[in-house]
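In structure tokens, one chain follows: the form predicted alone.
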């Protein structure tokens, strides 16, 4: 697409429209004009202007209504209002509704050009700011989650894109896949990161307690309510609230939560005042939400409200390439907590880890690593440090998906070859890196680099 700024002008006076078009084109802008707001949404989507100039009085819709609708659907688009009936009141209202600037007809050419130029500079700064925020969000999300698998990397990119918005996010995944970790990553990468992240497990609280927990209660609302108590949603004001296992929530409570999300207000138990709340909603479930809706366990209208964006975390058994990186991450984390110095894993251990099906997913993997660190008597994790169920795991076979590119398929096979080749050498040479390097015909640094890449040991100091 051309880098020439695109300007959309709306006015019901043909002579003025032509005058605006000529002035802007001489300044090097691409210009499109409209005599009314009919079909504006389509034009905005197709033309994608960098600035909108609209008269305050146009057929079908007045300029103020156009302004409100445009700022709702295209919040970053600068809007310049034109009018021959300027008053302080209309100027103030326009600016309150998000107008970038306000110009009175008739206007001088230089004044018009200056106003447009200033709006475009503001637009450029806003876009650059968004780009920097997205890059920062990506860094924060990636620092919170460990991923090598392409599907997980795509998930993290999507999470980074949505992190700094207020869109409700619905996270689906089996127990132990890291749904709350992802929810926290979304919060930490958002503009709300300076406020609280609060969570509630909807399956852990009985129906008669969850309303009071979420909404709070007034003094004397029920027996034992001796003082006023704020609810968790009120405590999370300005921050993020995470509803874990939301499909397990009582149906009557689901209807109350739906109202809260729609109205953005809460009413404490025993109270009669509506209290405004400003929280970002993130929800999660280990169920298939559509099946839960069909089974009448989950309200469809609530599902639509909380699932503006859906993120699906695949189970660990479907992303075995993440296991070496996750294992190293947990090893470093647990060793720091326990004050242990353990260098890595034997090749046989990594084969066991990658060959296991992980019914408990990432949570189970961390528990296994923590157990191994606790039991290890050497500076490397060995097979005897693993629980019994992992001794039954078999060597992982590389699955080549037909949708893989040639380079991706080749990379997977190469990783498997390196694991098997160096596992064999390490076993035969009792882990002696110098002898392994000599037999492989490469230097020690190359051996360390390969072993670290496939998760067999740490990199050379």
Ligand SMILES: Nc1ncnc2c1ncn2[C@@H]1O[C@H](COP(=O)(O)OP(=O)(O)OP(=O)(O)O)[C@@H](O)[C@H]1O
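Computed from a prediction, not measured in an experiment: that's the story for all the values here. Numbering follows the first chain given and starts at 1.
Just so you know, the form predicted in complex with this ligand exists too; it's not on screen, but the next bit is about it.
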item	value
Interface membership of residue 373, this ligand in the predicted complex, 4.5 Å heavy atom rule	no
Residue 175, heavy atom within 4.5 angstroms of this ligand in the predicted complex	yes
4.5 Å heavy atom contact, residue 164 and this ligand in the predicted complex	no
Close approach of residue 168 to this ligand in the predicted complex, 4.5 Å, heavy atom	no
Interface residue in the predicted complex among 299, 305, 329, 133, criterion: non-hydrogen atom within 4.5 angstroms of this ligand	329
Option touching this ligand, based on a heavy atom within 4.5 Å in the predicted complex, out of 335, 200, 390, 181	181
Contact segment among 187-195, 112-120, 92-100, 139-147, judged by heavy atoms lying within 4.5 Å of this ligand in the predicted complex	139-147
Any residue of 352-367 that, in the predicted complex, places a heavy atom within 4.5 Å of this ligand	362, 363, 366
